[in-house]
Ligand code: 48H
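What follows is a single chain, given as structure tokens, in the form predicted on its own.
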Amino acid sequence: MKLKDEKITKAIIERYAKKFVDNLNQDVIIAGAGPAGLTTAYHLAKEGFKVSVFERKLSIGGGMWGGGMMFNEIVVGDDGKKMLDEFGINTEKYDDGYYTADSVEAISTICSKTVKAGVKVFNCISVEDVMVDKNGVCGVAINWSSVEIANLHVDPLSVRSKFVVEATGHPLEVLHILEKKIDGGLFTKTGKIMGEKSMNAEIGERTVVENTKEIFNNVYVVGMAANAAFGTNRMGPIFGGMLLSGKKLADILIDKLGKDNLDSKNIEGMIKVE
């Protein structure tokens, strides 16, 4: 068979365009493809919800690839081990309450299973703005990361969703947009980003789950973004809290989306009766 270069190009453009168009309106948009955001996406997709993840970098998986200081091992506690077990990731007991896992196996497995669950990941794309209506945030404006890096004046495209998840970690890219442009303030004590505190694994692992919640109308924080937003500690290369935060947010959004769908069906039923 003779391969034609133009057909290869045509196949890539047409298939990517279809994927993009098919995901212009979805249940949840997640900004940031780290372990917390991917875990949220994975559990939502498993329940049949439509989810897209936008990642500004070429690679997905966030900081889990590098383990601690590029020693590619990660640590999880007892609850974190259960999360890794669910993904089928090998762990090894180090001491009571401490388990290690190969960081490359861990994050590559999470990435693969998330995509296979039906999540669409768009890499090299940055969220540069949010869309709003009378009910709050209703989507995002996106652009190629290269446009941002080159400081080019190119208008973004919009993608609509019922909920937006801030999962960009330490940078809090979405929340900085909200803080700068949206009236009303964030759902923090100060109404603004409170900023992360210094490393304390014990506190950070606990509060990253506690802080996983809504921070603006229809916007939720997950993973390290949750601690950075609400002013609590970072936890370093222990990742159980990240995964548990992702699962907690998925459960919250599954409940919200289920109620929204039920309300829509009830409204449709009332209209038909009338």
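Residue positions are given as counts along the sequence shown, with the first one as 1. On a predicted model such as this, the values are computed, not experimentally measured, just so you know.
Keep in mind the form predicted together with the ligand is missing from the figure; the text below concerns it.
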Contact at 54, 168 and 236 by the ligand in the predicted complex, all three, heavy atom at most 4.5 Å: yes
Option from 120-128, 89-97, 76-84, 151-159 whose residues, in the predicted complex, bring a heavy atom within 4.5 Å of the ligand: 120-128
Contacting member of 244, 64, 229, 44, with respect to the ligand in the predicted complex [4.5 Å, heavy atom]: 64
Contact test in the predicted complex: residue 199 vs the ligand, heavy atoms, 4.5 Å: yes
Any non-hydrogen atom of residue 249 within 4.5 angstroms of the ligand in the predicted complex: no
Residue 33 within 4.5 Å of the ligand in the predicted complex, heavy atoms: yes
Contact test in the predicted complex: residue 224 vs the ligand, heavy atoms, 4.5 Å: yes
